[in-house]
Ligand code: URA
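What follows is a single chain, given as structure tokens, in the form predicted alone.
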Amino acid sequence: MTGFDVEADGQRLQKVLARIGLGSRRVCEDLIAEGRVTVNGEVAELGRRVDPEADEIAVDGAVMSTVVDGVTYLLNKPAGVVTTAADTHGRPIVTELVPDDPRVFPVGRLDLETEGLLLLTNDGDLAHRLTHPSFGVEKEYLAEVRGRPSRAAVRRLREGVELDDGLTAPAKASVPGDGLVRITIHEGRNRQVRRMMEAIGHPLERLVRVRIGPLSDHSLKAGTWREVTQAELLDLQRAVRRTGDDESGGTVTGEKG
């Protein structure tokens, strides 16, 4: 038999979808038949072959990660650990808290003393979508602050706070108790939440990130991690909100608490 090369012609789409955990091959065939799967922006048909490394595959509009041996971890970062893959000062780093094979990198940053949820992955496209300011993925924090913010102070958080690098985008904010502020932002400015709290007159005592997009896990203890499930990855992709513009004016490398 000649003229047909399975590798050259790609892999069957339903096989790729099943391999990345979207369900059995039959379930994935149903997804395709229902018109819920696109390849490079076009609705796919049963029998479609794809190149997982080159084609953009989406389900219900959410772009799927098809990285071979792709892995994403959810870590509860303790205070005092640096969000980097290496540190010249010999301080503990987040990559030391997760498996070293395959090699993964932190998605965005939490500053040294900020605690809470952090993603680490070897999927560069996912990392880009979750950190670039034009996608606007929410990050929620629980902040312990000095004093109890007034209604006027909370309103400033919600409307935008003037910092030395400009006005912040409106945040979701509430005061669940004395000395506590729950705040959700989608920007990535350097030490943003800390500076916002200082600007309204309530400096931080402690800062914990409790949610990234749809991802939260109250059972994950400080310093421990777990692998993100395929269903959660799909939720993350759905949460990515492309605006086409850089809403925040922030930078990817400056995404810190």
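Since we're looking at a predicted model, the values are computed, not measured. A residue's number is simply how far along the shown sequence it sits, counting from 1.
Not on display, but discussed next: the form predicted together with the ligand.
Here the chain stands alone, but in the predicted bound form its contact with the ligand, taken as any heavy atom within 4.5 Å, falls in 186 to 194 among 38 to 46, 213 to 221, 186 to 194, 58 to 66.
Among residues of the shown chain, residue 111 is one whose heavy atoms approach the ligand to within 4.5 Å in the predicted bound form. Contact annotation for residue 28: none of its heavy atoms lies within 4.5 Å of the ligand in the predicted bound form. With a 4.5 Å cutoff on heavy atoms, residue 207 counts as touching the ligand in the predicted bound form. Contacts between 137 to 157 and the ligand, taken as any heavy atom within 4.5 Å in the predicted bound form, involve only 141.
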